[in-house]
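One chain comes next, on its own, written out as structure tokens in the form predicted alone.
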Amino acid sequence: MYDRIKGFRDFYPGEMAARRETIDTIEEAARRYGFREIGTPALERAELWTDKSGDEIVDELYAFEDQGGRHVTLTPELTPTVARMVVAKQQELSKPIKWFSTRPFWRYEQVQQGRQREFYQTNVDIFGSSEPEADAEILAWAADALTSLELTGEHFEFRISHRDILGGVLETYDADVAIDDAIRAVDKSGKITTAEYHDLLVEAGLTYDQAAEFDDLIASGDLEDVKAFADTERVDDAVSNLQNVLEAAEDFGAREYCTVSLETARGLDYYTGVVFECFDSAGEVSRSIFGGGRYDDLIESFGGQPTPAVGVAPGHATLSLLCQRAGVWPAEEVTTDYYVLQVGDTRPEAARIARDLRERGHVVETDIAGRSFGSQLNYADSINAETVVIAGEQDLENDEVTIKDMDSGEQTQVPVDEFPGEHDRPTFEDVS
């Protein structure tokens, strides 16, 4: 007996049906905004991550040396991959570039609620526009995707901030502050105690009094107070940019889901401007549902021309937890439109009916195991068949088939030459 590897999941048909419905819904929302689907490799050169984050990141990767002696890894996130793709064909691609993809990723990390070692995301990115409308469109797509899943503002909220507000405020202190370290501390603030948070800020270069002052200022979320405190062009510009994004989000229909939260920082160093995270409004899902933001310097750091970019990546595990809490997760069951039941030597006619129904786009099963009438009917019930078409020897002798509605148990005979007939999806009610 072989056990499943820790941090990796199996999805049986019922659960996969619910996942597929969810994925199709959020991908269709992306298509409505003009995002184009791309496909990306499972394996990349590990240097895509070690060159930016140092060799210590290897401990978090599924990295190894392949038979050609290359240091490679299963991809832990998509952003470096799409950056590489943009750089490779930057002159050929029309701007803005609007891409999406759904695929698995791999990270060797602690397994917990909403986090596995193999996990699935839908990434949505815009390259080539620095306008607030690009950030707002990402927010609008995210809101549209969630509401298309029948979620509402009672179920989720977007917490939105700006990295230059945090960095600009930290710069005003008369101290040698490691800005990136301090912003990473802000990103952790909601998961640790206040004392631990202040300790991290002190380690980044603030005094304890400055750490407390900074904490109070950022926690207030008052943009005018922040501008007055910093009194710098960098902070003024960042506040103005954030307000412009929120104004565009209002026009795009997403503002009602957005809350200014300067404690939202995003831990990755490549973020440069507006950042946001989506959270369960009730706080029952312990992790953010997803996050994203602007990363204007990444393409250039990969050897490309300066190219502004903004994106978001909903994680499917936390999204499913949110949908389950809200009571809108699709039913985890398989569904079947028709089961064509055979009694006796009726395969040719049963196969013809099944083919005709499949050509109309329906899900159709028929007997492939030589089972009895009762066994076939039980199987049809187990796959949630809506309608059973009974092709029996006695029926066919009378040039008929029996149509049975599985919910009511009612059935009727119809001429075999008239089924499926002119109805696109004939049911018991259509032919009775």
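None of the values given here were measured: they were computed from a predicted structure. In this text, residue numbers run from 1 along the sequence as written.
Omitted from view is the form predicted together with a further copy of the same chain, to which the following refers.
Taking the partner from the other structure, a further copy of the same chain in the model of the complex has no heavy atom within 4.5 Å of any heavy atom of A265. Of the heavy atoms in T40, some are within 4.5 Å of a further copy of the same chain in the model of the complex. Among heavy atoms of Y270, none comes within 4.5 Å of a further copy of the same chain in the model of the complex. Although the partner is absent here, I403 is not a contact residue: none of its heavy atoms lies within 4.5 angstroms of a further copy of the same chain in the model of the complex. Interface residue among D399, D66, E393, D55, judged by heavy atoms within 4.5 Å of a further copy of the same chain in the model of the complex: D66.
Checking E154, D174, D209, D251 for any heavy atom within 4.5 Å of a further copy of the same chain in the model of the complex turns up a single hit: D251.
Only one of 334-342, 223-231, 182-190, 313-321 lies within 4.5 Å of a further copy of the same chain in the model of the complex by heavy atoms, and it is 334-342. Looking at 5-24, the residues that come within 4.5 Å of a further copy of the same chain in the model of the complex, counting any heavy atom, are I5, K6, F8, R9, D10, F11, Y12, P13, M16, R20.
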